[in-house]
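First comes one chain, alone, set out as structure tokens in the form predicted on its own.
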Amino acid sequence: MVNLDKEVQYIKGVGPNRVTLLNKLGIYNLKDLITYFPRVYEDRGKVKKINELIDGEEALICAFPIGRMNEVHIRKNLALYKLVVRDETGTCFITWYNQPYLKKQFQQGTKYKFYGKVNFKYGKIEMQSPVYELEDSQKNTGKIIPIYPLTYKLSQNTIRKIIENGLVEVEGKLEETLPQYMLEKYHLYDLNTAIKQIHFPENFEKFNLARKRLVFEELLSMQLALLSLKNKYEIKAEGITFSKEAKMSDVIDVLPFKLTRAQLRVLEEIDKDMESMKPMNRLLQGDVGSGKTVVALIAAYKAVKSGYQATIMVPTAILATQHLESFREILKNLGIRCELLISGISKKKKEDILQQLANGEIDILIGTHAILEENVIFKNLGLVVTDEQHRFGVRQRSIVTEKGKNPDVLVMTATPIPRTLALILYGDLDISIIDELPPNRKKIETYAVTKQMEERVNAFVAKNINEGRQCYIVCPLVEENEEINAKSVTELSEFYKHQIFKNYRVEYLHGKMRPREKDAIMEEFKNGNIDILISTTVIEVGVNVPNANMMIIENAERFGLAQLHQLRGRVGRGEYQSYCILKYQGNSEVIRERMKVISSTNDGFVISEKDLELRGTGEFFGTRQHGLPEFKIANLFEDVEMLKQVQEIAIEIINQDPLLEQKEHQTLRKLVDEKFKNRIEI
């Protein structure tokens, strides 16, 4: 069999110079290379006559140059190269930018093929920067051409050639990953055929069959892993049965606000779980600001009053500190001791906390990843809550549960996932949804604007600050990056501090700063000592500053809809009317559609469905989201029917063979182990 771990550097056409560029794409070895699938395909197989061309389409023509190429210098560093070509039906005007070598490429009387986007302008048919080659060449035209997601300085031709070389090495040698009976029963391509046809399909029918096979495998391995994980929880010794005498109503009655019907319904489900013998394993979904934290607090109260400890694990020190304050405020008169464990605390303080935790003197421990450390030992851990589940992998969740004897687990997320997909993606969890926001919450007014509106936006920010409010400005990068035309936090901060908002107090915050430094700035902002906070998405999770009523997002087109919605949820937390202004660049249909969606609704579930539809699942359900490997080819929006079919197949397999031990399932066992190692223990 072929060595799929062979480093990509040693594939023909790569070498030491290109290896760094491939690494940026996540391609490190031969396996990564052959599973780096195209993003779209261009059908460059069918030649069209010039008089058949349609405005806006991408098309292939075959034509002769008329006369010489014309060179026009527009300004310094911008030259146009124009060529007129014709076939027996008409004429086409072709333009390239800054490519002087083209002057020697075309001979009169020789026929060439041109593939590109067609534009009708002022009665003329035009093409800009098309792909071209001689009429009898088949290198870049005359067939279906794969288009790959690329990084700076790596061309489509280069990556295609490298992948072609990789496919030559593996041709006919890939070990089958699905059982033979499955290939026959579901009419699936074998792996070797599927890999070849997904990259360089002979026709679209073969492409569809190749994709079907690879999507089937990807979804099946995920489902088998999740069901195995659920199985593992269920065959464990019985869980904790929390006391019926520890009543959630005791803490609900002392809250300074009324719970919504949705919160009460979810608490009923959690109460029932906690009082049963089976360990609770529940996902709590709730939109930004729906009140998940108070649900966690009430569940923790029940655990403590039943004689156990509880822990709340959150992704940032800022959020952990904020939770501690609200927990202490509500629970101080109920005899419950809460403590904070984050990496920024002193060594002495940490030692004291660890000792008190082991002795059972601390009832509820709130903290960050610091809770995962080996020396964090509970006397009697009964409830584990992880907040913002997409920041913690499944494996991290299992590390903290191992600190107790089958504790109940509550996983919380503000990333709304359509229910059908949540049931399938979080196959190891039961699901509760808070689908109602607290009353009297004002809608956050959202506007998407282009650069022309910049002065008006700045004036609007100044007006609100003069009225005593505060503002977040979020941008995607920490430092300048030559590959991406987006302002960095530090550059933007300098610009706003010394030019636009020099009369106001401006500070910045990003993930590369030391935890203490970040916490200090966030504290200053919370206390009203900073007017404008310029930040990366580090403020996306849970920060609560009621006086901040403006969220300005730079380069909004670079964020997913779900993330824009999450960021928007940082404002609208006080009594003031709040605003979210999305500054975007680019005029593509997808960008316009995304801006329209986020501006027109505050419903996280509507937004998440649209996010899936527009972006696919690569980013939306990537490893960051749930601890599972990123989908390389499946798209949960497009492939939801296959997902349902595959889930039924996976359930049938696990019911018959829970540990995938039967001979016919050995390949599946290996597939699941390979894809999910270090992520899920099964």
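Computed from a prediction, not measured in an experiment: that's the story for all the values here. Numbers follow the displayed sequence, beginning with 1.
This protein has a second form, the form predicted together with a small molecule, left out of what is shown; the following refers to that one.
- A heavy atom within 4.5 Å of the small molecule in the predicted complex is found for one listed residue only; from 463, 441, 498, 337, this is 441.
- Out of the listed residues 143, 573, 328, 558, 573 is the one that sits within 4.5 Å of the small molecule in the predicted complex by at least one heavy atom.
- With the small molecule omitted here, the record of contacts in the predicted complex names 285 to 293 of 593 to 601, 285 to 293, 186 to 194, 129 to 137, defined by a heavy atom within 4.5 Å.
- For the chain shown alone, residue 257 is a contact residue for the small molecule in the predicted complex, at least one non-hydrogen atom being within 4.5 angstroms.
- For residue 432, no non-hydrogen atom is located within 4.5 Å of the small molecule in the predicted complex, even though that partner is not displayed.
- Of the heavy atoms in residue 406, none are within 4.5 Å of the small molecule in the predicted complex.
- Although the partner is absent here, residue 544 lies within 4.5 Å of the small molecule in the predicted complex, judged by heavy atoms.
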